[in-house]
Ligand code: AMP
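One chain is shown next in structure tokens, namely the form predicted on its own.
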């Protein structure tokens, strides 16, 4: 029996979601996106070009096209309450309600929930809604701080005092935010991402991934939405022990349990970003959806029928037997316009090489008469898959180098040298 699944969002993450769903013989794809993503459009039976936060237009499209389910990719429509509105119209969603999405959309809510219920992994923090109070705290604080705007920032709003800026720079940044910030102790360690499918009660983990936020080689330059990521064949990471991974997953299970008991059950994809410190995993943040690029890594490995997973999430009957990933490594490398992230060159034509095996995911790219052009954000990504990290990296790098135009990528993502740097850092801490 066929089912119509609406994918909301138009980036590389959503292209990965659409591809995974398209592999199911039972799924007919519908899509809504602010700008036409050629990869998603080619997989869809019907497309609406509209802002994902334009709730009335999305609702009208979903109802008129007979959508049976919806999968929400980005965070902005979650914050706008799109899940609540769709479910009011009888269209169940893989994505949390407005109140459940506060885990991501309100950093103060997340920290206060963790503290109130004694959930481990919460760093020392203070919440401020006044510039004066926050600045006073910064001036008196001994040590470095993570400065986090309370609301959504597209993955680019966190600044680290002692890394991105000095104390006076931190003061200026807090002023620019109007004082609505969470100030946290600076965590030192190695970051990793654990994503999981959640049906409100049951939670099933995905392979661990490490993202690379910095714009340039060697982890230099400003933060971005993510320049690429990698995963290992054993679904863990060499600097994360089994105990570390188990502890991180236990934290996420506890969060799901607390959300259910509070009357706001969490359903969809829960993204946990952790810092593996000398004392074990600490929570950097939770996101209420797949990560971008991390979705491309894990969904490229998904062997189970994604359409079936959607129905199990919605029915509250999800189990570990429903989800299976290939035991292979992945390396995702994003191509971005020259000048990204500050002054990206837009409208630049691209040409593609041939003979590459990596999966191609389109992101912020425009197609005209068969020619692809750069836009203001990340352009497209390649995901190499292999029995080893080295083979996956070689596949992704070959594909990324085959593209001609005013774009660049981080060639060091997924390399053994960068991985050894992470492993050595963790050994120094422990």
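The structure displayed is predicted, hence computed values, not measured ones. Positions refer to the first chain, counted from 1.
The next section is about a form of this same protein that is not shown, the form predicted in complex with adenosine monophosphate.
- prompt: Are 87, 100 and 267 jointly within 4.5 Å of adenosine monophosphate in the predicted bound form, each by at least one heavy atom?
  reply: Not one of the three qualifies.
query: Of 113, 284, 323, 232, which residue is found within 4.5 angstroms of adenosine monophosphate in the predicted bound form when only non-hydrogen atoms are counted?
result: If I apply the 4.5 Å criterion carefully, the residue I get is 284.
- prompt: Which listed residue (348, 254, 191, 305) meets the criterion of a heavy atom within 4.5 Å of adenosine monophosphate in the predicted bound form?
  reply: Flagged contact: 191.
query: What stretch, of 354-362, 312-320, 129-137, 181-189, brings heavy atoms to within 4.5 Å of adenosine monophosphate in the predicted bound form?
result: Among the candidates, contact is made by 181-189.
Residue 204 within 4.5 Å of adenosine monophosphate in the predicted bound form, heavy atoms: Outside the cut-off, so no.
query: Could you tell me if residue 171 has a non-hydrogen atom within 4.5 Å of adenosine monophosphate in the predicted bound form?
result: Taking the distances in the predicted bound form, the answer for residue 171 is no, it never comes within 4.5 Å of adenosine monophosphate.
message: Is residue 241 part of the interface with adenosine monophosphate in the predicted bound form - any heavy atom within 4.5 Å?
response: Close contact is absent here: in the predicted bound form, residue 241 is far from adenosine monophosphate, nothing within 4.5 Å, heavy atoms only.
- request: Would you check, heavy atoms only and a 4.5 Å threshold, whether residue 236 touches adenosine monophosphate in the predicted bound form?
  value: Flag for residue 236 set to no.
query: Within 96-116, which residues come within 4.5 Å of adenosine monophosphate in the predicted bound form, counting heavy atoms only?
result: If the 4.5 Å heavy-atom criterion is applied to adenosine monophosphate in the predicted bound form, 96-116 yields only 107.
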